[in-house]
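Below you'll find only one chain, the form predicted on its own, shown as structure tokens.
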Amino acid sequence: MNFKGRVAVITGGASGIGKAAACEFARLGADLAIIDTNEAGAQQAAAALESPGRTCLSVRADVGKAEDVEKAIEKIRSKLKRIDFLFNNAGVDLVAPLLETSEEDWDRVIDTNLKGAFLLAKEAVAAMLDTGSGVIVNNASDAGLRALRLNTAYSVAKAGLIHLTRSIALDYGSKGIRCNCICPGCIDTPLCQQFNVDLGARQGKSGEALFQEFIEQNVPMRRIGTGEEVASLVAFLCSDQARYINGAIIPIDGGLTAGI
């Protein structure tokens, strides 16, 4: 795979899966735009990946706000001229059942995880139509495939991402634009670690102990996945090797969602 001359936009690219994806796209030769609310983290990631012949742009934006997204894409198109790939990865979590989920919490999770992907996809599709091709990959998590206990808002947002993926694939596949969705399971990221800390606090367990117990009982491969493994899948889906894959929902979870 060679992405020389291509431009990849990655949301939530300052850490975790997003940062791993940025590293993979850079390794394959793409120019990058890293969008994150963590301005310092995005700048650090972009600076580490910039090299002669490759531009890595950092953009501070809240993806749940249309004004931020519009300004971010305007900056990206001005500096990098095109958008070939969009990885909608930015996300926040909330450990809470329905009755403990406030309207403010609901809006924060839905806006970041679902509305943000909608806003970015609209801007990216408009740019991709100008060049006649492009690929969008949405990160829906295993929570998009089946709901998680104590995770109402997050599960709903991720389930919505799956149908957003299918809708884009149906509407724009004939225009040379593909859209697919990945569903990572237990991946070694700050978000996943914090989820287990918050969940463990409800059960009187450490996050690490709870995480390890869950993996041993539920993941057939009996280990945590890495950001790099997920990034490899994202890059493959953006490549010409995956040119007939459109509207696919792909778990990457060590068998977690295969059954019970």
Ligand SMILES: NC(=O)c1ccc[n+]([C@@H]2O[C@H](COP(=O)([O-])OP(=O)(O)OC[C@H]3O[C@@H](n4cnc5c(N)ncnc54)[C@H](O)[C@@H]3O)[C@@H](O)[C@H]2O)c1
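Bear in mind the structure is a predicted one, so any value in this text is a computation, not a measurement. A residue's number is simply how far along the shown sequence it sits, counting from 1.
One more form of this protein should be noted, the form predicted in complex with the ligand, which is absent from this view; the next part is about it.
**Student:** Please state whether every one of the three residues Ala14, Ala90 and Pro190 places a non-hydrogen atom within 4.5 angstroms of the ligand in the predicted bound form.
**Tutor:** Yes.
**Student:** Since only the chain is shown here, I'm wondering whether Glu70 would be in contact with the ligand in the predicted bound form (any heavy atom pair within 4.5 Å).
**Tutor:** Glu70: no, not in contact with the ligand in the predicted bound form.
**Student:** Considering non-hydrogen atoms and a 4.5 Å limit, does the ligand approach Thr165 in the predicted bound form?
**Tutor:** Output for Thr165 is no: heavy atoms all beyond 4.5 Å of the ligand.
**Student:** Give a yes/no on whether Val95 approaches the ligand to within 4.5 Å in the predicted bound form, heavy atoms considered.
**Tutor:** No.
**Student:** Under a 4.5 Å heavy atom criterion, is Leu210 part of the interface with the ligand in the predicted bound form?
**Tutor:** Leu210: no, not in contact with the ligand in the predicted bound form.
**Student:** Using a 4.5 Å cut on heavy atoms, which of Glu228, Asp198, Asp62, Glu50 is close to the ligand in the predicted bound form?
**Tutor:** When the ligand is considered in the predicted bound form, the option within 4.5 Å is Asp62.
**Student:** Please pick out the stretch from 165 to 173, 128 to 136, 77 to 85, 179 to 187 that is in contact with the ligand in the predicted bound form, where contact means heavy atoms within 4.5 Å.
**Tutor:** It is 179 to 187 that comes within 4.5 Å of the partner.
**Student:** With the ligand taken in the predicted bound form, which residues across 99 to 132 come within 4.5 angstroms through any non-hydrogen atom?
**Tutor:** Heavy-atom contacts within 4.5 Å come from Thr112, Asn113.
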